[in-house]
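Here you get one chain, nothing else, as C-alpha cells; it is the form predicted on its own.
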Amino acid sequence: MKDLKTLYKYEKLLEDANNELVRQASSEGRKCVGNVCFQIPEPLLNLDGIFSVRLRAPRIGGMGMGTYYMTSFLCEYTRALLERAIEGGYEFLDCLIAPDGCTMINRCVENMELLKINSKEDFFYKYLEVPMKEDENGLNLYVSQCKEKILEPLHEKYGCDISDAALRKAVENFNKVCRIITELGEYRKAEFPKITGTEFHLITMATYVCPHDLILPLLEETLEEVKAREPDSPKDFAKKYRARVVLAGSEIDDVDCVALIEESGALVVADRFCYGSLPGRQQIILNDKEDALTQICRHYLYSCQCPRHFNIDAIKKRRAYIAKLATDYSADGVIVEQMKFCDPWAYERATNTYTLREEYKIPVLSVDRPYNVGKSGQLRTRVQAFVESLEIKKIQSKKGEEK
C-alpha cells in the first residue's frame, strides 16, 4: 500500500505530550485537563473552554527518580509518568484528575501533588472513587463522584458550563471523533485491510492526547485518504503478514509496540487495550428521557473492560469480549500482554490465557513487557515463534479437511 500522507503528522503529535495542538489550544486560553485512565469520562473533560490530554511519557529515558519514589516493583507506566513530571514535562497542564483505578496510579499522582510538579497557582488535583462492579449502586456512586470531583471543580475554577445541554454538546463532539475511528477500524475486518494496526494505533493514540476539535480535520482527511487507498495485493500481503491477531491487555502508548508485532509477521486487527479503540472509541448514544451525566457514566461503567472489575460476571464478560473480537476480525490468535508489575493485569493475563485456549480454543501468546518496548529482541522472537505456530495449525487444519 502507499504510505498515508497524514501519518507523519500523527507521529509528530505523539513525540511530545505538550504537542502542537495542545499548545495551540492553550494559546487560545483553553485549560488543559490531564487524566490517566479510561474511567475518567472523556466528554466531561472537553466542555467549552477546556480540553483533555491522557498522560504519556514519550521518549522516556531512565526512570531513576520515578523508581526512587515508587520502587522498582511498581508498573513502569506510573514510574515513567512520575519521572516525566519531575522533569517538568507536565507544566502545560492546568489540573490533573485521576481515579482509584489501581494503587499504583494513585501513588503516582499523589507523588506529583506532594512534589508540586506544576507551578501554576490555580493548579488542582482530584481523585475519583470509581465503582468496582457494574450495577445501579455503582452507577449512583459514579455519577455523584463525577459531579463532585470533575464537573463542580471545573465550574468553580474555570467557569465551565456544566449544564445538561453542555454535556450533550461535548458528547456530540466526542462522537464525531469516535465515528471516524470506528469507520477506520472497520477496514481491518477485510481479508486485505486498507490500514495496518500500526497506522491505526498511531491515529487512535493521537485522539487521546489532542483537543478533539483540532484533531478532527486531520482525522477527516485521513479517513478520505484510506477510503481511496488500494490495499495490498494478496501476494504482497502474504509477504508481510502470516497471521492476524487481536492484541489485548494493559496500557499501550508506545508507538513501537504494535509496529514490532507487525514487523514480526502478525497483523494487529483489533486493539483491546488501554489507549485502544475497543472500547475507548465507541460512541455514546444519548436519549432525551434521562440526564446526560447519568447516561455518560452508564456507558463508561458498563463498557469498561478493566480487570479492577473482578466479580465473576465481569471477568467472564471480558473473556467473551476478546473471543468475539477474534471472531469478528477473523483473527488467527490473541496476544495477551501485561506491563511488568501491573497487578490487575497479572491475574487477568494468566486467567485469560488459560480460558481463551481451553474454553474458546483460541491460540494465545501471553507476554509481559516493559513500558517502552523499543526494538526488544525477546518480544520479537516470541511473536515470531507464535506466528510460526499459527501457520503450523493452519497447515494441520487444511490437511485434516482434505482427509
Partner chain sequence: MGAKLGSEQLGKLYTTGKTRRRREWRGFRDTFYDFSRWLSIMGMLTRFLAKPHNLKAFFRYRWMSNYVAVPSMIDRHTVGLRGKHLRIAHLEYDLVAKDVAGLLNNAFKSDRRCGNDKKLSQKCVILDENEMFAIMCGFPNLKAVSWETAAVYANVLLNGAGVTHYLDVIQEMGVPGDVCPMPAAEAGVVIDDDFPIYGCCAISCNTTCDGSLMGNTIMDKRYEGLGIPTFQIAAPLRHTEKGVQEYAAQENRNAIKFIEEKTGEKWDWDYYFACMKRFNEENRLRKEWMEISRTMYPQVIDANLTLYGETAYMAVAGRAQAFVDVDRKITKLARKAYENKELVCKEYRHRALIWGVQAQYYTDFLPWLQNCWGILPLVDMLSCVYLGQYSETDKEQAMYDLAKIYQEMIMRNRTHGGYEVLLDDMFKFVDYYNCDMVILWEHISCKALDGMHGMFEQRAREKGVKLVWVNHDLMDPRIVPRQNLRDDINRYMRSIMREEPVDPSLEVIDDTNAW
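None of these values were measured; they are calculated from a predicted model. Positions refer to the first chain, counted from 1.
Missing here is the form predicted together with its partner chain; even so, the following discussion is about that form.
Taking the partner from elsewhere, no residue among 177, 186 and 188 has a non-hydrogen atom within 4.5 angstroms of its partner chain in the predicted bound form. Contact check for residue 299: no non-hydrogen atom falls within 4.5 Å of its partner chain in the predicted bound form.
Taking the partner from elsewhere, residue 168 is found to have every heavy atom lying beyond 4.5 Å of its partner chain in the predicted bound form.
Heavy atoms of residue 244 never reach within 4.5 Å of its partner chain in the predicted bound form, leaving it off the interface.
By the criterion of a heavy atom within 4.5 Å, residue 303 is excluded from the residues contacting its partner chain in the predicted bound form.
The chain is drawn here without its partner chain; in the predicted bound form, the stretch among 210-218, 270-278, 71-79, 235-243 whose residues come within 4.5 Å of it by any heavy atom is 71-79.
This chain appears without its partner; in the predicted bound form, the one residue of 328, 256, 113, 152 with a heavy atom within 4.5 Å of its partner chain is 113. Shown here without its partner chain, the chain has 338, 341, 343, 344, 346, 347, 348, 349, 350, 351 in 336-351 lying with a heavy atom within 4.5 Å of that partner in the predicted bound form.
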